[in-house]
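Each of two forms of one protein chain follows alone as structure tokens, named structure 1 and structure 2.
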Structure 1
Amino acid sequence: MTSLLSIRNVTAGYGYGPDIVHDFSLSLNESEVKCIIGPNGAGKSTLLKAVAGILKPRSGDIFFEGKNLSGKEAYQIMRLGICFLPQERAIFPNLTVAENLRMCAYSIKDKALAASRIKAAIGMFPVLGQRLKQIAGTMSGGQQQQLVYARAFTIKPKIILIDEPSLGLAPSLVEQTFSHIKQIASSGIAVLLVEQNAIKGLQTSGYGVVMDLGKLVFEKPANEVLQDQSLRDLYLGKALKK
């Protein structure tokens, strides 16, 4: 059986700069949740950008459902079923909530379906329904998070790539955000997560992937990473001391 997403020997970098991601391989099956952890600057965001098509890999291939994604534009990759929520807020702050939701459903050709998906998303996040006319950037952080995750339920992608979902959030919002992610995972969407808060990230995931200096260090079931004392000291040290 081929996996849903298969990253094969991908090397990537920016402009004329050095390689940031080196010969990286990873695969993700349907409904699987994997969490990539690793120090700052390891190349985690760069890897996700390469998968989403924002950054073209220098070499290697990425296959999705057996199709090679090389040469595809980011919007085409998104339409195939790979949704990327980047580290910077993934909403349009100057558009209203209603306009943001319409943009979430932009890729759905069948407009009746799009409207019903938006309705369903509002059903899950009633706050959004009460604030349809509000400029999204003026909502509270928690409300903006709901708008970000409403996208997953609107487009129902096959895979969602999430970069540092808890970065810069208040502790109560971190809880809320991870509950959204668990909800997405339990709806059968495969998740590839990058997370600084390694403990939270691993608790949400089936597998933990450690990345350093652009390379894959190892990949193990998440609970093994969480339980192995030497791994905890090496890779989760900082997170544990908090």
Structure 2
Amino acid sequence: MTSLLSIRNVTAGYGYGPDIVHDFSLSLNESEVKCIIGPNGAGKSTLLKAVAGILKPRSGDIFFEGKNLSGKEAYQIMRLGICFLPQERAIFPNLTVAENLRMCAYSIKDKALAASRIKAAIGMFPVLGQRLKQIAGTMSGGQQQQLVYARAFTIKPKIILIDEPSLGLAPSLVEQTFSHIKQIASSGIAVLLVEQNAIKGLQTSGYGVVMDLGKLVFEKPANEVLQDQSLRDLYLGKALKK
């Protein structure tokens, strides 16, 4: 069976700088959730940007549904069904919650379908339904994070790439954030997640992927990584201390 996403021997970096990601390969199947962990500077965010088309790989190939994404721009990759959620909350802070949702659904030509998608997103994140007229930038960090996920949900991607979802959130909101990611995954959307909170990331995922110095160290079922004390000491400890 062809993987939904296939990253094959990808090397990537910024400008004329050194390679950040080195000969990296990974696959992601439909409805699958994988969490990439590793120390700062391991190349995790760079890899997601390469998949999303924000950064062009220097070598290697990325296939989505069997089609090579080489040469495609970020907006084209998004339209194909890959949605990237960066570390910074990708909302329009000066627009209302309702306007944010409509902006994300703008690419849906069928207005009735767009409206039903927005309604479904609000159903998944009901707090937004109570704040449709509120300026998005005035909401709490956790509520803004819900808006980010709701916006992504309206376009019904097949894959969501999530970069450091717990970054900058109060500890009380971290659990809520990972609960939302589980909600998204349960709807059938595949998730490739980068997270410094290694324990929470792995508890949310089916597989744990350890990345260091731009390379794949290993990939194992997440529960095996969590239960193996030697792996916890060697990799999870390292990821959490950095």
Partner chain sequence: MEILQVIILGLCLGFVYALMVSGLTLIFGVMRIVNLAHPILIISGAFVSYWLFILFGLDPILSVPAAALTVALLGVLLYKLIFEKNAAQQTYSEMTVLLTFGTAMVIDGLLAFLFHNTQRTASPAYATDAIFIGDIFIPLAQLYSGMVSLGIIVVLALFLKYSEFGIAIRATSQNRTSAELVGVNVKFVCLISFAIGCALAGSAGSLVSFVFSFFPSRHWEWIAILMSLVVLGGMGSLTGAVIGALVLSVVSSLVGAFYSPAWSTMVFFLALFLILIIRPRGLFGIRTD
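Whichever C-alpha set is largest while still superposing within 1.5 Å between the two forms counts as the rigid core. As the structure is a prediction and not an experimental result, all values here were calculated from the model. FYI, numbering is relative to structure 1, first residue = 1.
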Worksheet item: Here are two forms of the same chain; which is the form predicted on its own?
Response: 2
Worksheet item: Can a Cα shift of no less than 2 Å be assigned to Gln134 between the two structures, given superposition on the rigid core?
Response: yes
Worksheet item: Against the rigid core, is the Cα displacement of Thr96 between the two structures at least 2 Å?
Response: yes
